[in-house]
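The chain below stands alone and is given as structure tokens, in the form predicted on its own.
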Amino acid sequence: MKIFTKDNKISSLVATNSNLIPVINRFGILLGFKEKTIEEICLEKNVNTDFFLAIVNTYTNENYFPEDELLSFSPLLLIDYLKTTHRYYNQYVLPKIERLLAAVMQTCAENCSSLKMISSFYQKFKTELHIHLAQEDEKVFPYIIDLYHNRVLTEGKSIRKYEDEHTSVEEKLSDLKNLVIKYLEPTYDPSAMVEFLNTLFQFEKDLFDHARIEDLILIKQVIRIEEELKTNAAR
């Protein structure tokens, strides 16, 4: 898989992988790139070019994950990106999945018990994901921002505590997808189902890469800060 550089035209990102369109949008970069390079667009939009490249390459190539490079970026940069991603999930992806599932259910004319089971499972997944994202937005990210700026440990708080409460929402999405593939009765319109299932696959990939950035980069950065502060306090 191609690894993009700052000299590549940004239009080549979309031509190579159309699933990058929402990722690019999270940086405030919209379609209409003309012949501009990635570096030119990033400079125009005041986006860190190296961070942008690390993210889009991670999302394009499953074997590409520049852990050392990502660890070098400010956690505030990562948080801004992650919060934008959360808004995209809440405002666009989840409502889209719900609409597509409703469209599938409307095509069911016979025994719809398996579709109702899928719908019930999806509602539970959506609720759990909403709780997970809200916890990060309202508790975890503010904790990290305060720690980064003030460099003071708060008694009873640590990123490991939040990490222990981290739910495996991506596993729930995988379970939902497998329920559809393995146990759904064929009493639906196949075209509507293809669109619904393709959206689940795309969301699963996006959520997996999102979780990697959180778990392997952001949390690791915060652990380093906490350990440094503990060491300084013990001197």
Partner chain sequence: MEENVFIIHPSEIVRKGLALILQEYFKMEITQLSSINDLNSFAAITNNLIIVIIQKGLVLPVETEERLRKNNQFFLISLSASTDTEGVTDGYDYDLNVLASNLEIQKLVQVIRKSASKTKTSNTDNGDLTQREKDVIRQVALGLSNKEMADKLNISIHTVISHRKNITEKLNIKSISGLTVYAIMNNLLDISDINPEELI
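Note that the coordinates shown come from a computational prediction; the quantities given were computed from them, not determined experimentally. Numbering follows the first chain given and starts at 1.
Just so it is clear, the following notes concern the form predicted in complex with its partner chain, a form of the same protein that is not shown.
At the 4.5 Å threshold, heavy atoms of Phe65 reach its partner chain in the model of the complex. The shortest heavy atom separation between Arg151 and its partner chain in the model of the complex exceeds 4.5 Å. Its partner chain in the model of the complex is approached by Asn178, whose closest heavy atom lies within 4.5 angstroms of it.
At a distance threshold of 4.5 angstroms between non-hydrogen atoms, Gln135 is out of contact with its partner chain in the model of the complex. Contact here is defined as any heavy atom lying within 4.5 Å of its partner chain in the model of the complex, and by that definition each of Ser114, Met117 and Lys124 is a contact residue. Partner contact region in the model of the complex: 179-187, out of 34-42, 206-214, 47-55, 179-187, criterion any non-hydrogen atom within 4.5 Å of its partner chain.
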